[in-house]
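Presented below, as structure tokens, is a lone chain in the form predicted on its own.
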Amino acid sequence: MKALFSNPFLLDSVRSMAEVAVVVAALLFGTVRVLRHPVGRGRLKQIFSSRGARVSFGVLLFFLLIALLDSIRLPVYEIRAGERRIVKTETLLEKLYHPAREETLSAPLATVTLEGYRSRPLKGRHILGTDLNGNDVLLQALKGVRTALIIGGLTVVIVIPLGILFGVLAGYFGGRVDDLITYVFSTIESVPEILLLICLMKLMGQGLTQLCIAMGITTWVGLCRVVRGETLKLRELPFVQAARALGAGAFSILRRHIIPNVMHIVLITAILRFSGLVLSEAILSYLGIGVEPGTGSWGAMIDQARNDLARDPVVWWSVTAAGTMLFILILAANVFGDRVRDVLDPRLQGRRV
């Protein structure tokens, strides 16, 4: 254990796997809870009866597999003075796809570097070319998948408990509790989200975990408002009134009657909000206040490649790779989220096909 905390490479490896493990554990927990209930199994069948839902879910699973491969870090040893030491770590994704690093730019599938006065043969073929530093663009785009999924998934894990807790408390108890919670989330909502995120990131510093916490602080208010409104309606319904008349306590009513009946709204909001979180990370990384330098990020790729668009000839492949991956992930999340909303939202029951 002492060797673990004294070696920065091993510590970074543990942290890398822990970040994605939280997201995967939350997904598995939610899936098991749904499958244990007959109604949940029926809803899943309805969701996946749509071809679009199946295709989009497959795309999301593929991205999740890439993120897992990029989270498993393996040590690289080097013998110094007769002693074997860990000098760095490589992800399993880098082990499987390890393109050679070049000296400068090269176009997709080119055999020589792009700049004529330094033109020389490349060490390997790069499907999407290389950037100004000679890094493979496809590898950078694939490494951005992990950051996007952790930002979306880990932030949702933070948002859901806060939104449910304060939303049901404000909606059920009302009075001063409602006034206090409403005042807090109204104050947060009155500040532009991007400015609040910038302030929080300046206070906490750059990093993937810090960014998730900052985005969780600014995002839970939307879910809280929706849950509060639904709880205000549910507390007046006959089954809640009957439970109260039979002597059930407030927290028993919340746990057994209110929270289960707002979970469809929570699930829909979380899935649809995922794409917005991924976009926010790209914007913050583009502004230079998102994840740490060296962490794979589509926003950082776009930021580094923006000057390349003014070159002659135009270097378009870095921006295109990041933008295409971002578009595919958000499109898949939105298509799947729309199908979940169509199945779970009671107001759309008559329109569902």
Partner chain sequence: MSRIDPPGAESTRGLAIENLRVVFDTNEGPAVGADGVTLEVRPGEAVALVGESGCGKTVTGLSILRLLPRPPARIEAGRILFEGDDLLKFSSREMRRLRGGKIAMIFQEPSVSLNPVLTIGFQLKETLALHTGLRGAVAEKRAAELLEEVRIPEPRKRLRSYPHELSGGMQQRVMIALALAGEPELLVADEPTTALDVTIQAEILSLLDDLRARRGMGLLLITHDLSIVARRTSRLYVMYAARIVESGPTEDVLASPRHPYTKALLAAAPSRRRRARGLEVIAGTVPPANRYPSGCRFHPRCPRAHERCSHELPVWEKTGERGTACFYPEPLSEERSVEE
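Because the structure is predicted, anything quoted here is derived from the model rather than measured. Numbering follows the first chain given and starts at 1.
The next section is about a form of this same protein that is not shown, the form predicted in complex with the partner chain.
Colleague: R125, L128 and N135: each with a heavy atom within 4.5 Å of the partner chain in the model of the complex?
Modeller: Not a single residue of the candidate spot has a heavy atom within 4.5 Å of the partner chain in the model of the complex.
Colleague: Do R256 and the partner chain share at least one heavy atom pair within 4.5 Å in the model of the complex?
Modeller: Yes.
Colleague: Whether F239 contacts the partner chain in the model of the complex should be assessed with a 4.5 Å heavy atom distance threshold; does it?
Modeller: So F239 counts as contacting the partner chain.
Colleague: With the partner left out here, check for me: in the model of the complex, does some heavy atom of L162 sit within 4.5 Å of the partner chain?
Modeller: Judged by the heavy-atom cut-off of 4.5 Å, L162 is well away from the partner chain in the model of the complex.
Colleague: Under a 4.5 Å heavy atom criterion, is K45 part of the interface with the partner chain in the model of the complex?
Modeller: No.
Colleague: Of 242 to 250, 153 to 161, 277 to 285, 97 to 105, which is the one stretch near the partner chain in the model of the complex, taking non-hydrogen atoms within 4.5 angstroms as near?
Modeller: It is 242 to 250 that comes within 4.5 Å of the partner.
Colleague: Of G205, P192, P121, P260, which one comes within 4.5 Å of the partner chain in the model of the complex, counting heavy atoms only?
Modeller: For this set of options, the contacting one is P260.
Colleague: Among P313, G58, P38, P293, which has any heavy atom within 4.5 Å of the partner chain in the model of the complex?
Modeller: None of the others qualify; the residue that does is P38.
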